[in-house]
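Here we start with a single chain on its own, the form predicted alone, put down as structure tokens.
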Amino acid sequence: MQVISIYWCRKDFRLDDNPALFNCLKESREEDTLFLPLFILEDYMTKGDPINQYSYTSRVLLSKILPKFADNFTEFSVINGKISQVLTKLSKHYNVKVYVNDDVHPDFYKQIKKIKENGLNIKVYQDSLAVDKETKTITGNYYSIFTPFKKNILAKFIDTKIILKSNPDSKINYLSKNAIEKIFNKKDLVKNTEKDILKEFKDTRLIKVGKNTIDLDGIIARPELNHVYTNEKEVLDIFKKYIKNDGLINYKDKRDFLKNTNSNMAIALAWGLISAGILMREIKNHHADLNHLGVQTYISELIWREFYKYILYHNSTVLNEEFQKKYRNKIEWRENKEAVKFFKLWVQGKTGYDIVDASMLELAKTGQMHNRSRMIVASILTKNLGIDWRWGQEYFRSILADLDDASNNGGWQWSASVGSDPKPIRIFNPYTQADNYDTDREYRNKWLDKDYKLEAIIEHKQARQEALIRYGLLNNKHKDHNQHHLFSD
């Protein structure tokens, strides 16, 4: 039986520093096997189930990014179905060897297990983290706090080894389109165009928060996503320009101001249009002094992404429960109709806190939001409005162009003060945050209507007291001033 080397593409849409693709091509050449680059439109992606949602934003961006990436190959197959079933069908005609980059999401390893149980040969390459996922403390435990994790892996991260750029058209014998069409039903094969890929998805925007299913189309318009970059060359050019214009040098001083767009690499990292290793290569190529505070701060932010992936990999339940056991089923979140009402107002940018509303409107219209804004709106949802952080996590999953489940989860648990790297309870003051990071109101003026005048849903001082009670830091019957060191505005 003829051997076929399959590159199973997932969220790694790049030729540069792509270990699974590089090794698949390399071994295909050396062993003179057929080569098949493959993307699977899984059922959970296409059927629109709000419990395992594949968001409208993700659908649109995939339909734009996938064809651009596929243009690098003579043949590239997009198939509807489940990966294990697709590979099993192929294995009836060919001796299958599968190459894939790893992930930290628990469902990925369930898929790998099933593929192996079907007797198929699959090689998984490290890619989700630039550093070893099995990194441990001196005492042999896994890290739960960022700073010691960073100190341990910093040097290794800076010296991340880069996989050579892949060349998919050099002496490669592709599996032909005709051969694919003989194996699969016509309805399972998807034309690799933006229009045809988008047609495969159910066109809904339902999300599940608590016991409630909410149709986002009923409360906010769909985001406009034509501004998002879609290929690795464009991404690399943007980052080089950012460095050239002293973006890294000024990063520490300017990163928190809401009118600052920073490096704009979050979407690229989330979709695998660039790797952390490539970013480090460019940083080192342009900055001999890695001790500059701006450069150090930027690298630290990249390591936060590593840390949250590391946390998810070793704690698969954190997508649905608090990392800190002491808070599991202990916080009395707002419930029922009032919670849904407040949540919808938050989504619509109608909380009455102008900095929050401006941030939420930017997100609804663009699928993007500044990192400082994310901390502010998450604090307001969980602390001021008393709504379960999982609701916020799910809404962000539905809308973010740069969705990375590990970072999204880590950010929400951090903001809700229930996650890894525990700190005092943080209660952001929306007025202070606005004064500090939108000093000239440029950001708010951009996103809010000129006649914007809304009263806050809950007055901040009252909300703050309710939050302390909710977290068990203040007795419901009297104020305990000795607890004030546990939180900060």
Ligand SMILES: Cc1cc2nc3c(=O)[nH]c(=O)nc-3n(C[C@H](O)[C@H](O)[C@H](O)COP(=O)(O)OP(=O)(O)OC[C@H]3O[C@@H](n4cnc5c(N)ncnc54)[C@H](O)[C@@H]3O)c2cc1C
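Each residue number is its position in the shown sequence, starting from 1. None of the values given here were measured: they were computed from a predicted structure.
One more form of this protein should be noted, the form predicted in complex with the named molecule, which is absent from this view; the next part is about it.
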Any chance all of 13, 76 and 126 sit within 4.5 Å of the named molecule in the predicted complex, going by non-hydrogen atoms? no
Answer for residue 350 alone: is it within 4.5 Å of the named molecule in the predicted complex, judged on heavy atom distances? no
So, in the predicted complex, is residue 275 in contact with the named molecule at a 4.5 angstroms heavy atom limit? no
Non-hydrogen atom contact residue 143 with the named molecule in the predicted complex at 4.5 angstroms: no
Using heavy atoms and a 4.5 Å limit, would one call residue 304 a contact residue for the named molecule in the predicted complex? yes
Based on heavy atom distances of 4.5 Å or less, which listed stretch (402-410, 316-324, 205-213, 103-111) is in contact with the named molecule in the predicted complex? 402-410
As a check of understanding, the residue in 298, 343, 149, 99 with any heavy atom within 4.5 Å of the named molecule in the predicted complex should be identified as 298
Contact residue in the predicted complex, chosen from 231, 371, 135, 160 - any heavy atom within 4.5 Å of the named molecule: 371
